[in-house]
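Consider the single chain below, provided in structure tokens and representing the form predicted on its own.
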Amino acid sequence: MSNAFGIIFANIHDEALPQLTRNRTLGAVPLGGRYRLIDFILSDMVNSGITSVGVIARNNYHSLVNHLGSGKEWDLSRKFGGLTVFPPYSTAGAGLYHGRLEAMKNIMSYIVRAREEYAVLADSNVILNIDLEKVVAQHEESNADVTCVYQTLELNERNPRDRVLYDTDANGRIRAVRADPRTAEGTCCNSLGIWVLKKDLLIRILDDAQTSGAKSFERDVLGRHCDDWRILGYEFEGYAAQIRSVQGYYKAGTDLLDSNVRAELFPRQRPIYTRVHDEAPACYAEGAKVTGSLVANGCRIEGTVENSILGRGVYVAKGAVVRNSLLMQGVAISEGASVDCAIIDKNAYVAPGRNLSGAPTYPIVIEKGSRV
């Protein structure tokens, strides 16, 4: 699918995980012991034949740049196209952007120069394995102006945070966009933050936004043009998780312990790529007990680990117990400490005898480099 280029928004949902995005962008937040959130949508694009991808960062993007590098792991280190990471100020006189429209205005020259006919826009907070080639094919065949990827969900919650819902008719046409609805109950078409449109239309949208004052791509553009544009939905029926809160991140992480979820996210024909780190295998000391967990390279386990995910180089001392938790790179759990339902960021240290206990609906979050 060489006729489409991609744009990924790395910072749009940073406020969803304030404790984990204080020193990094949301796209660089680790997941599953070895991946970053951006790996999923970036790999989806590459697996669908998209060889030109622009990643727009806003702040705290050094970790993201370090992770993506030249794009070699995604086969995006190329003379033409390839991977481009844009800092907040991409053009002279541009200010720090707010929202997708301003973000894309800052890289207008990149969009204009793109050789491809179609643009695929995507947020980095969605965890899924989707064939974007099929989405673009439907977009072409249906002669749509914009195609929006959504998932049908049964919702029963009040004041959903940062959720966008589409109202569709029997033909799959989107008739209304509900951004930040006050309530959401019953069967809803939940936006997955992925859109396809022609490059020419995208340029026109960005030009019009400068005069109309439009701020939100979904509310001010899609929502206002449901009647006069042909805006269609593409229903994604596989596993998808959107990171909108600490609870959502915790659930997405623990979902990876389910073999059925892993089978959907990591099929052999559509792998998820990430930066490779060469480290020694995990070491399990005599007396260690590990059940129902994912353990990355470089870990040393002397205690007990149950239903948890451990990133690279995690140390669990003798007599320590880790249950139902997500531990990132370099975390150390000291002798006699107990951790349950926790998210512990990179290089944090839990002292001997400490007891950290949360709940699936309210996990404890320990920030990067903390000593507890």
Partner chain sequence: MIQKKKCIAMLLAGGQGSRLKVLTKNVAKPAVPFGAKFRIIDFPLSNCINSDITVVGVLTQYQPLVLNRYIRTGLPWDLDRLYGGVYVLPPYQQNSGADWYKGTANAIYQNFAFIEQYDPEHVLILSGDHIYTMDYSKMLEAHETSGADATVAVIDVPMEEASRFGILATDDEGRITEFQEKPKVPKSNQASMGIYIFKWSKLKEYLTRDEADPTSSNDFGKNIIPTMLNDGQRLFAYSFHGYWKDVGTIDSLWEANMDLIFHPDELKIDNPDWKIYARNPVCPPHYTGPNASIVNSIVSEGGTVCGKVQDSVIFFKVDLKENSEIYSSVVMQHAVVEPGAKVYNAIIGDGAVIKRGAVVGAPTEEGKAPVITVVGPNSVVNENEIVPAGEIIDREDAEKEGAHNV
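Model, not experiment: these values are computed from the prediction. Residue numbers count along the first chain shown, from 1.
Beyond the structure shown, there is the form predicted in complex with its partner chain, which is absent from this document and is the topic of what follows.
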- Hey, in the predicted complex, is Leu257 touching its partner chain, heavy atoms inside 4.5 Å? yes
- Message: With a cut-off of 4.5 Å between heavy atoms, is Asp162 one of the residues that contacts its partner chain in the predicted complex?
- Response: no
- Mark Pro87 yes when one of its heavy atoms lies within 4.5 Å of a heavy atom of its partner chain in the predicted complex, and no otherwise. no
- Item | Non-hydrogen atom contact Ala285 with its partner chain in the predicted complex at 4.5 angstroms | yes
- Message: On the criterion of a non-hydrogen atom at 4.5 angstroms or closer, are Cys341, Asn347 and Ala359 all touching its partner chain in the predicted complex?
- Response: no
- Query: So which of Asp278, Glu154, Glu141, Asp228 gets a non-hydrogen atom within 4.5 Å of its partner chain in the predicted complex?
  - Reply: Asp278
- If we test each of Leu128, Leu101, Ala296, Ala252 for a heavy atom within 4.5 Å of its partner chain in the predicted complex, the one that passes is Ala296
- Query: Looking at 78 to 86, 287 to 295, 116 to 124, 190 to 198, which lies within 4.5 angstroms of its partner chain in the predicted complex, counting heavy atoms?
  - Reply: 287 to 295
- Contacts with its partner chain in the predicted complex, stretch 338 to 354 (heavy atom within 4.5 Å): none
